[in-house]
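The data below hold one chain only, encoded as structure tokens and taken in the form predicted on its own.
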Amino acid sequence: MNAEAQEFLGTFISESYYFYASVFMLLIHAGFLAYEGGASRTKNVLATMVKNLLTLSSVGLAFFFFGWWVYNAFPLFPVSGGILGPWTTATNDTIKAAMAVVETSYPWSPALAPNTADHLTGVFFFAFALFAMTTASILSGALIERVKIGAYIIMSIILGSFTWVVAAAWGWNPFGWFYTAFGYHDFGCSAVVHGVSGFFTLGVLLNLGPRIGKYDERGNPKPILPHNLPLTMVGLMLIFVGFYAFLAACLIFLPGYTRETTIYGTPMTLASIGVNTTLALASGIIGAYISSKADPFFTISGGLAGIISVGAGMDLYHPTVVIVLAFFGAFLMPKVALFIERIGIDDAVGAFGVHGFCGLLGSLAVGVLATGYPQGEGVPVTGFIGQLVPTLICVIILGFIPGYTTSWLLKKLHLLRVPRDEEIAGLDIADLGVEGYPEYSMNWATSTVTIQNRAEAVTGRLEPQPGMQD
């Protein structure tokens, strides 16, 4: 094989690797669709699933128009430079190197068009667009059954195509100041993805309020059970499969490289991702099973909680550390979720416990369990302060505050929550005009009357009837 063929083969392997890793990441969204659809009540199942589909489309387009540029333009801002764009003059080698990437991320860049001279920019865009959709989907499940679809799309675009992307630019980009100034290390995005989205979700939930019927007159929470728990569990299994691909896509292997590395330039292997992800999944399920006293919903969510708890340091930990940390995070997750519920916050799928709490834990754990790990030349070693400061910026400044502020504004404009009669009737009828399971009614005639009653209740021609579920 001549040198030209070897060079092409290296490029093609990298292109194929990220392309197929991203394709498998789509299973996360198939999983979210099944997971949230199963967790909703029958009157909201279609609306919940359609909301998931709209996440893919709205965040995917927004990421093309500005999200991909934000990731490449914000790494230096505001600590060591400005926001990079067409207005930037390259005054040093760092800005010159960063601008070479920025110029490929404009929506009008030829690098994103069919371009046989560039095999890699497009597949990296594809992978990051899937990361963005995943981040926004974490918000989706917590809000089911009462959020207006327009408000949700606005919030999902802000989360998936801006605030998370800024966190990634600062903490997950080789030019990012979290890394260069603090030595921050977050291989599997514990805080950069999950911490940001979990705390963004918490801010939204405070303004959105609980579902009708979630709390009794004394404020005590009442269970609103998934209408199809088996579907929810299958959904989480699909998410697990997608997570292997997500973590594999966090690996850097480019043409001319002699080894695999993390995005921080530290050594890593695909094999170790396989070992540690499997152990975290297994240990997390056991931890949540014990903690929740065999609750099926929390038990399977424990697998995700375990992976997120070790995600930031997955490339640094020995498998025994992974087992213990994943167990610890997943064991605490149900208790955090129940605490949130007891203080009046209705998180329909426990998203804050799994993503917010475990993302925070996973990022801080690197500063305790892997402190002193050497990284790139001139970059600080890992340490507790180096993890603490960027993590707090992720969860508070880029997560909670934007989530709370955006939802507060939407609430003041009466755009955040569906009217009471629509919520009682169900969003399938209110938003889509059809039911997901019309055959669940006693007979066709009863079903027809029920649909008509709900439709009339939505349009204000009929008061909610006793048979309408609330």
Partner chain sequence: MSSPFSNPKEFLEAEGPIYTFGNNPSIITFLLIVSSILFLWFIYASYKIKSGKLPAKNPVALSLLIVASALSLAGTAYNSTVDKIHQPARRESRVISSKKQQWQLPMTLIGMVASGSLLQRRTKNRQRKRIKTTNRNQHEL
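Residue numbers count along the first chain shown, from 1. Everything numeric here is computed off the predicted structure, so don't read it as measured data.
What follows is about the form predicted together with its partner chain, which we do not show.
Although the partner is absent here, residue 294 sits close enough that one of its heavy atoms falls within 4.5 Å of its partner chain in the predicted bound form. Taking the partner from elsewhere, residue 234 is found to have every heavy atom lying beyond 4.5 Å of its partner chain in the predicted bound form. The shortest heavy atom separation between residue 348 and its partner chain in the predicted bound form exceeds 4.5 Å. Though the partner is left out of this view, residue 96 does not reach within 4.5 Å of its partner chain in the predicted bound form, counting heavy atoms only. None of 374, 256, 110, 213 but one reaches within 4.5 angstroms of its partner chain in the predicted bound form through a heavy atom, and that residue is 374. 323 is the sole member of 323, 133, 337, 300 with a non-hydrogen atom within 4.5 Å of its partner chain in the predicted bound form. With the partner left out here, its partner chain still marks one of 123 to 131, 376 to 384, 201 to 209, 241 to 249 in the predicted bound form; by a 4.5 Å heavy atom cut-off that stretch is 376 to 384. Residues of 315 to 333 that come within 4.5 Å of its partner chain in the predicted bound form, judged by any heavy atom, are 315, 316, 317, 318, 320, 321, 323, 324, 327, 331 in sequence order.
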